[in-house]
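Next up: just one chain, as structure tokens, the form predicted on its own.
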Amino acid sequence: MDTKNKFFNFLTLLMSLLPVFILVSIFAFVFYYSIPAIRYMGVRFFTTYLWYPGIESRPPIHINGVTAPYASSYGILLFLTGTLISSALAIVIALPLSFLSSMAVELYVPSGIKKFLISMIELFAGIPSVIYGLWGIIVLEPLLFHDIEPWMRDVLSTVPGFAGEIYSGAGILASGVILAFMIIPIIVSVMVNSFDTVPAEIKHGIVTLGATKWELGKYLITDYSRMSTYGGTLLGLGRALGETMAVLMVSGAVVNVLPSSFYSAINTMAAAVASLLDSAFFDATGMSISALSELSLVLMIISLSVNVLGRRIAGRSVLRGEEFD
């Protein structure tokens, strides 16, 4: 092997290891800054929803070898709850819409405009999240507040979670709808790529046996491409878990108040980091920064786990548009 090939192989290996190095470095950085909060709060970090920076006029306290503001408390139960509820609602909304969109593109749209339509759907993933948030404030929140949420309360008041006071339209429902719109392109892309990997003779064979296009689509989703559908859903969930700006704009961004119904304002882990970061720098002990670092660490672990699981389930062949095995 000549010198040029050796250099090229070394450079390729170096570039392939660079993302791993960056990811590990970020994880180590966040973990290092989380250590004081881990020692200060312990398990209570996950069991309480009180996030209180403490009393600056009182001398700081010393617990487990770390210094923290007097009477300070850092609990992520509210943020964790808001993240899980809004993301789950987004999946509930996005999955059937993605299913119908994928079936329409694959089975009903003429092949001549299929690629163009898929490109248009995927372009939605490139819209800045702040645009989604602005649309949510101007259009979605008034619609929820004046029309949809009052109707839901009147019709579903006997169902737990649907009775209660309606506030401003911002909250769980708005966050779930916004996130659903943001993850639909991801799920649709994986589903359509999965459909394309199904051998044409299988599709023609099913239709020849008398199946309708709808029955063919159900077979592709529930049987042949089932695992890819699960994987695409998890990839969408990974995006929803880490979304920041759009959710911050429409969630209500409450602190220290657990949601009592689907109309309640909430907060999520990613949105909390963005909204609380400025004030955290005024903490002379540095504990607020450490607590936000631990919050980021938890979010990073959850998001990476969901994304890795989704990619393993969907399979590299589907994500790259290669032939189905």
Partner chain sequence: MKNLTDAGEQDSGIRWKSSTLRNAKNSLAGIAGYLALLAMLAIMVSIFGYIIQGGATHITLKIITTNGNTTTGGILNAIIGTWLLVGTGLLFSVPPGVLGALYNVQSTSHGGIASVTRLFTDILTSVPSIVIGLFGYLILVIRLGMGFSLLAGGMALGIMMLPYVMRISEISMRNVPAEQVNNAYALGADTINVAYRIYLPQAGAGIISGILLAIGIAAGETAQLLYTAGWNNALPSGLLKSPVAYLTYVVWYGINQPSAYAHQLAFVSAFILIIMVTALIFISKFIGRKGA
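None of these values were measured; they are calculated from a predicted model. Whichever C-alpha set is largest while still superposing within 1.5 Å between the two forms counts as the rigid core. Numbering follows the first chain given and starts at 1.
A second form of this protein, the form predicted together with the partner chain, is not displayed here; the remarks below concern that form.
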Tell me which of 162-170, 70-78, 196-204, 180-188 has residues with heavy atoms within 4.5 angstroms of the partner chain in the predicted complex?
180-188
Please identify the residue among Leu84, Val254, Ile137, Ile221 with any heavy atom within 4.5 Å of the partner chain in the predicted complex.
Ile137
Since exactly one of Val192, Leu248, Leu144, Met152 fits, which has a heavy atom within 4.5 Å of the partner chain in the predicted complex?
Leu248
Quick one: is Ser261 in contact with the partner chain in the predicted complex, heavy atoms, 4.5 Å cut-off?
no
Applying a 4.5 Å heavy atom distance criterion, does Thr244 contact the partner chain in the predicted complex?
yes
Val273: touches the partner chain in the predicted complex, heavy atom cutoff 4.5 angstroms:
yes
Does the 4.5 Å heavy atom contact test between Gly112 and the partner chain in the predicted complex come out positive?
no
Would you mind checking 94-122 for residues with a heavy atom within 4.5 Å of the partner chain in the predicted complex?
Leu97, Leu100, Ser101, Met103, Ala104, Val105, Tyr108, Val109, Pro110, Phe116, Leu117, Ser119, Met120, Ile121, Glu122
Would Val308 count as moving between the shown form and the other one, using a Cα shift of 2 angstroms or more after superposing the core as the test?
no
